[in-house]
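As a starting point, one isolated chain is supplied in structure tokens, in the form predicted alone.
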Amino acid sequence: MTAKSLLRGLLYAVLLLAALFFLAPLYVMLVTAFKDAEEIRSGNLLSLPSALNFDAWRAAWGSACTGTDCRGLQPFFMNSVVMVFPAVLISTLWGAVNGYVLSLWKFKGSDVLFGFMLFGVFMPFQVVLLPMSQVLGWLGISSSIGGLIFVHCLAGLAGTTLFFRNYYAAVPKELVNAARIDGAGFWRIFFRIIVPLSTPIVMVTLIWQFTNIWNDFLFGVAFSGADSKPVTVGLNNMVNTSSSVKSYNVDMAAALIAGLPTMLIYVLAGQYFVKGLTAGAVKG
């Protein structure tokens, strides 16, 4: 065996161990979610269930209690669905327009403005909780799904602008100039020329924003009301609801339900995310 083959085998072994390490919690969650309470108490943490039992999944979805509300995760899940799609689409479109302006329609002070916008990428969101709550109150959308959509659009704007601005910086300006000579305006150039070239970075931004918004807990717990809590807040309340017997199988099933959309996104569209990042890696 050559030294090169030995190193390759060692690398594969290390990668396999790392994969097993990171997948172990998911395995424990899955096998626990399919067990009943008696099997959890008497069995081993890593043992497979004797039979597939979906009672915990049904309870997690429709009957488990979060405080005094015993409707499971279903209402919280639907709140997240109603919130995430408009928030993702609006923040992505808004970031695309900003990136288009800051890269291809530069004006005096545009680079300074972009520099200030970058502060939003690195700023901890905890510092905006109080002023944002005041703004939501002034607008009359506090404790509502509309308020959460507004917050997530603003919070994601810096990141989406950064993605699109760096991507559009490599678009030949001759395309825009030629279109302007032919009489095309700002929006026609954007929709007819720029948008068709944007598929890779659009996929990156959609996946990025969907993951951030769906998994968000801070804004959900700070700005939601009794009827607008997202699934992450519902999951936290369910797990922390005290009862005489702790239902670990229900908690695990609820956690898997809450994380299922983001897992599906990366399984089905993960390759587009990587390709989009690669396409924009040397731009800007």
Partner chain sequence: MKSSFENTLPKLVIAPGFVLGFAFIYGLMVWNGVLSVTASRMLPNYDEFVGLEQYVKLWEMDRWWLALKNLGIFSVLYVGGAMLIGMALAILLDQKIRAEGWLRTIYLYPMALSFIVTGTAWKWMLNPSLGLEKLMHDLGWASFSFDWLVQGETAIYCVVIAGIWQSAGFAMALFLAGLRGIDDSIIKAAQIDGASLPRIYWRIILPILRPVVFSTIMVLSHLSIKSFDLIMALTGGGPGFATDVPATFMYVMSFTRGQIGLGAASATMMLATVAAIVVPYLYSELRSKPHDR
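Numbering follows the first chain given and starts at 1. Bear in mind that the values here come from a model prediction, so they are computed numbers and not experimental data.
Omitted here: the form predicted together with the partner chain. The next part is about that form.
Although the partner is absent here, Met78 lies well away from the partner chain in the predicted bound form, with no heavy atom inside 4.5 Å. Looking at Phe85, you'd find every heavy atom of it more than 4.5 angstroms from the partner chain in the predicted bound form. Taking non-hydrogen atoms only, Trp61 never approaches the partner chain to within 4.5 angstroms in the predicted bound form. At least one heavy atom of Lys106 is located within 4.5 Å of the partner chain in the predicted bound form. For a residue to qualify, one of its non-hydrogen atoms must sit within 4.5 Å of the partner chain in the predicted bound form; none of Asp36, Leu93 and Leu197 qualifies. Comment: 113 to 121 is the region of 140 to 148, 113 to 121, 85 to 93, 198 to 206 lying near the partner chain in the predicted bound form, near meaning a non-hydrogen atom within 4.5 Å. Along 124 to 141, residues Pro124, Phe125, Gln126, Val127, Val128, Leu129, Leu130, Pro131, Met132, Gln134, Val135, Trp138 each place a heavy atom within 4.5 Å of the partner chain in the predicted bound form.
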